[in-house]
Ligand code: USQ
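Next up is one chain by itself, shown in structure tokens, the form predicted on its own.
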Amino acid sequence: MKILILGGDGYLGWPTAMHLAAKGHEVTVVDNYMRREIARRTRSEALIRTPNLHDRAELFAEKTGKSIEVVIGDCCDYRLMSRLLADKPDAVVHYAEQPSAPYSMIGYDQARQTLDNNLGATFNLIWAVMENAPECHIIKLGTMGEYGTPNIDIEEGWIDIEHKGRKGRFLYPRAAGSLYHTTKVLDTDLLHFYARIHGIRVTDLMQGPVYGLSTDESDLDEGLLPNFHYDDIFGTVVNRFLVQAVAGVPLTVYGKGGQKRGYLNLKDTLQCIELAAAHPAGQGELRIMNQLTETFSVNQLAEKVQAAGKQVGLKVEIEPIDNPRKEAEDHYYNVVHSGLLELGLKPHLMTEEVLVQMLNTVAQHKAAIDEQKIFPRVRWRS
């Protein structure tokens, strides 16, 4: 297939590009390095230095004999998007969003940038598809954070409701906890509108927090590793805890630690994208699948990292701190996530062995850990 990846420099975008190219697909990645620039401005650089996209692509070609085409450009530039879609890719994987909830909550400028970039990129993609490649399948990375933490089971994107003797099928109610997550809700609404009215085909993957460093392709050379962030702005909780364990910093559990989420290994993100591409949504369909493999509370994650640390001789302490976010810290959380399993997803579970492997990799870069990046610098305003 001919596949275009928007946001190809990201923690998920680059491993996805390598994975699909290694499978023989014709892959083009697009990025404007916005995340790298924000990371520099907020002192939130990744633990391991990653080459720029052109150098990464050259290294990947050297190691595998497979090519990845690189385009440096802004997905909010409609002329660029139109040009890229004129090449008529079979699928577009859309990661081109400002991905940090804390960053979106710093202040007006950060909120405005998040809103403009995320909705602008999605809107441009939709119109570029409609005008240049109407058969193209949009694979959009959504987030489980769209749903919030309702006191009922979270269905797979849609819910059947009976009201006053009549029945209907609706998008599942969403209650995002940050502006970033709210832009994802608005993405879904835009995609739903244009699927209904103009017949575009869309798969919206509601993904939980991802952890991991290792993929088949990144294991070939350290220069191919993903952007592994451990800071409070771009670092996901499992990755942050692993770095804290290696650095000897107590694991910073926010509040009571009862916040439950659905998690998945980076390798499973790659599987999910590949499965979605191989089984496209129908014309005029917005297909939503919840992308996770296991559910844990923050306390359970901390205990798992603590146990893995013990296996490699680390004394890992857990220290709850005041929660900088506005969120429920003890809640019901049960998620339906059968769609990707039915397509063939083979989950990589969060075993002690997996965590130990990651601890060993992080330990090789212990000298680069900056403890100032670990503790929360952003607070949700009431």
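The numbering used is simple: start at 1 and walk along the sequence shown. None of these values were measured; they are calculated from a predicted model.
The same protein also exists as the form predicted in complex with the ligand; that form is not shown, yet it is the one meant from here on.
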Report summary line: Among 266, 308, 144, 84, just one has a heavy atom within 4.5 Å of the ligand in the predicted bound form, namely 144
Query raised in the report: Since exactly one of 91, 288, 225, 101 fits, which has a heavy atom within 4.5 Å of the ligand in the predicted bound form?
Result: 101
**Report entry** Candidate site 133, 192 and 203: all three near the ligand in the predicted bound form by heavy atom within 4.5 Å
**Finding:** no
Query raised in the report: Does the ligand come within 4.5 Å of any heavy atom of residue 209 in the predicted bound form?
Result: yes
Query raised in the report: Does the ligand get within 4.5 angstroms of any non-hydrogen atom of residue 172 in the predicted bound form?
Result: no
**Report entry** Non-hydrogen atom contact residue 95 with the ligand in the predicted bound form at 4.5 angstroms
**Finding:** no
Query raised in the report: Using 4.5 Å between non-hydrogen atoms, is residue 69 touching the ligand in the predicted bound form?
Result: no
Report summary line: Within 4.5 Å of the ligand in the predicted bound form by heavy atoms, the stretch out of 26 to 34, 323 to 331, 345 to 353, 53 to 61 is 323 to 331
Query raised in the report: Can you name the residues of 251 to 288 that have a heavy atom within 4.5 Å of the ligand in the predicted bound form?
Result: 252, 253, 254, 259, 261, 263
